[in-house]
Each structure stands twice: as structure tokens, then as C-alpha cells.
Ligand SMILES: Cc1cc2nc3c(=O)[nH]c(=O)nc-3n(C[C@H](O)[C@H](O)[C@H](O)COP(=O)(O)O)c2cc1C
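Form predicted alone, single chain, as C-alpha cells, below.
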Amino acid sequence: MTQTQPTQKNSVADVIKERRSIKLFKKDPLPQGLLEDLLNVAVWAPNHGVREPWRFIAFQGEGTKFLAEAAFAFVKRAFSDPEVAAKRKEYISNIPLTLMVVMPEDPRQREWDEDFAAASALVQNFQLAAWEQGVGTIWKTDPYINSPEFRNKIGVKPGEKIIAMIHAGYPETVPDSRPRTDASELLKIVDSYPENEVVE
């Protein structure tokens, strides 16, 4: 792991390629107003009909301890080793900011798929906007976010889904990059009418 901080870049491509998932954060709080600024960038994600299928619940300061307690109620049952559960609780308590991205679960499959895709694009926007400001994030989907007890404690309503739990803060360490498969190996280009295609 490297110790360098993310640097501000002019190119969107640079930010995309240099963003890393951060697991270890400094305890420094984020500046007041930065969360709202980042979200106001993130909400420009494409979303069909401008339905804006999202809302947000943020935990910071003493709120992180409340979140850790809510998670611990589930985690201590999931792990037979109480020490593991206690460490998880401590980890969550020390993260400067945790953001829940919540979307309505539309009963119509097409709209549900569109909304999930839009909210996922919002999460990526948030992560990139944060990285540009030197803030690290990691997108988590820990099992307890689907627990009715946990959802109820943090104010998620019936008919809503937590699609992302984003931990955020200034990175303690930044991991090295991991290689990606070249897109050309996964790409099929169709530039002519396929022979033997049956059209009915």
C-alpha cells in the first residue's frame, strides 16, 4: 500500500482511473458543507424521467456510534467470535462519515431496474467527486443493511432499499492499483448485417 493522498486532477478519466476503495481512514472530520456539495454533484446521475429515485441518511460525529450499535446488534449474532463483532463495531464507530443511499422499491420491474441503475450511477458520481476533493470512499453492502431490525433503527421505511453504505473520510493509506481486463477482450462490434439472420 502506498501512503500518498489522492490528488486533484483536471481530467475525468484521471479521476476514474486513480480512484481507490479506501478501508482505513484518518479520524479527521470532513469540512462542514462538503457532504452536501458532493451530493449536489452526485444527483446529476442520469435517471429516467428525472424520477430522482434516492434519498440519503448520513452518520457522522456521535451518529457513527449510533450506527455502530445498530450494526452490532446484527453482527454479534452473525459471528461466533465476539471479538470479531466488537472490532467491527469499533471500526464503524471510527469512520468519519457513513452515507446510506436509499431508493424506493418500485413494484414495476422496468422502473425498479432503471431506478437501481440510476442510484448506482449516483454512488459512482459521489465517489468520484469525493476523490477529486481528496476524500476516500468505499461502497459497502454488508448483510445487515437488509436486516429489518437494522433498517428500522436507522429510519429506512418499508418499500425502500439501501443500495449502498458508503464509508468516507481522508485516507490513512491508499492501496495500489489492481489491473483491469482490457475492454477490447470483452468487446464485440457488429458493423454489418449478420448473414443468415432470420427476421420474422
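Note that residue numbering follows the sequence shown and begins at 1. Predicted, not measured: the structure shown is a model, and the values here were computed from it.
This protein has a second form, the form predicted together with this ligand, left out of what is shown; the following refers to that one.
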item: Contact flag, Lys140 vs this ligand in the predicted complex, heavy atom cut 4.5 Å; value: yes
item: Joint contact, Arg19, Lys23 and Arg180 to this ligand in the predicted complex, by non-hydrogen atom at 4.5 Å; value: yes
item: In the predicted complex, segment of 51-59, 140-148, 31-39, 66-74 with a heavy atom within 4.5 Å of this ligand; value: 140-148
